[in-house]
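For reference, the chain that follows is the form predicted on its own, supplied as structure tokens.
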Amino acid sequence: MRIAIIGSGGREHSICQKIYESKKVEKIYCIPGNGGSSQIAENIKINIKNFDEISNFLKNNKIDLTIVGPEEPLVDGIVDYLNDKQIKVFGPDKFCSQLEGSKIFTKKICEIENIPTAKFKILNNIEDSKKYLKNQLYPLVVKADGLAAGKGVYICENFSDAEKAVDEIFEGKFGTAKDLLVEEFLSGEEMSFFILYDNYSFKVFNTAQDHKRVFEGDIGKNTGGMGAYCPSRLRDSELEEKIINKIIKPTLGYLKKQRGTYIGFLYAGLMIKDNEPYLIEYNVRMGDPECQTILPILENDFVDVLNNCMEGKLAKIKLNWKNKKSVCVVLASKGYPDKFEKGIIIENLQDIKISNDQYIFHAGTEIRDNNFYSSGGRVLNIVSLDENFKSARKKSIDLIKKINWKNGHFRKDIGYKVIDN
């Protein structure tokens, strides 16, 4: 098979690696890819917003399957566009992608289908928002409605915090904002719950826990994710049954009633309180960096899984998982998620030797003159598998120390809730 992957982050490099391990693959293209993917695939420099150019490339190069990694092209309708051109593409259609593209769209489904979620209020201008927020109990959460690369969520401790959030959202920090969402603050523990869906049946595709805050102890600004571990410590059969029956099935049922077509990953961001699940948000693709922790423990041939999903035959296969724990530690540029320098050489990267059950997934790198340079905020994802979380994390941190990139920073406490220090 000839496969193309759209995207340039750590998620896409991990997908590329898993596909590279399949014997069914003749050629992999990454559009546009990164320094890491260039070692196992051919990077093609096309802007992922340019659907025409992507379509022409896929047709001219006889691509058998295209996988869309990031959310933006999905929300913008790339699946509908490519399907209209008779190009096989893995991902949900534009209607279903509103689950991530609009938090308000998802909240309205929660109302219609009685899905457990935080109480909420939709507001559409600065004046009404501040008036409403002045009389609320804190903490509460203020969210930008559209895509915000994981950064459009404000946990507000007081009115001053909420006022700042309202100003930034309506002043366009995350793009044009017609509405914002105010939610009650749910206390509990977060869980990332993934399914794979072929528009007829679904399979649970493991669980994970992401660490969004930039500094240790979960303090500082939200980022795209500073690390993750898999599986979540909260997963058990009773909780899983509640998640499926109260959240997943009602959502998929609603999309079916509306005649949406959903082929791909669905990622439910949940808050678990007293062993009861509440939906925080949906993402319509694999998480990043959760994907980097989940795919390495999948035992199946990933291409076989994808083909069955595309053909509506997911019910016929069984997913098998390694009996191991997985920890991903993100090495980010100093200053991220605020200002940071790009184009900084990562000198030791080529010489690093990794053991079995270890991976270095590139997120923000490019290769020039046989050297790797940083090209983004999150630069490398260091993933280790082991019998327990503590040793897996230690292996990842030891590897980061060997890389010894002076312009990087990372959290040493990824997985602290499941690791006894």
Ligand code: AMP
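In this text, all values refer to a predicted model and were calculated from it rather than measured experimentally. One rule holds for the numbers: they count along the sequence shown, beginning at 1.
We do not show the form predicted in complex with the ligand, though everything after this point is about it.
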**OP:** Please check if residue 153 has a heavy atom lying within 4.5 Å of any heavy atom of the ligand in the model of the complex.
**Re:** yes
Original post:
Is there a non-hydrogen atom of residue 303 within 4.5 angstroms of a non-hydrogen atom of the ligand in the model of the complex?
Top reply: no
**OP:** Report whether the minimum heavy atom distance between residue 234 and the ligand in the model of the complex is within 4.5 Å.
**Re:** no
Original post:
Is the gap between residue 216 and the ligand in the model of the complex 4.5 Å or less for some heavy atom pair?
Top reply: no
**OP:** With the ligand left out of view, choose which of 161, 72, 179, 190 has a non-hydrogen atom within 4.5 angstroms of it in the model of the complex.
**Re:** 190
Original post:
Using a 4.5 Å cut on heavy atoms, which of 239, 186, 196, 255 is close to the ligand in the model of the complex?
Top reply: 186
**OP:** Determine which one of 303-311, 72-80, 279-287, 336-344 lies within 4.5 Å of the ligand in the model of the complex, judging by heavy atom distances; exactly one does.
**Re:** 279-287
Subject >> Joint contact, 18, 25 and 88 to the ligand in the model of the complex, by non-hydrogen atom at 4.5 Å >> reply: no
Original post:
What are the residues of 114-130, in order along the chain, with a heavy atom within 4.5 Å of the ligand in the model of the complex?
Top reply: 118
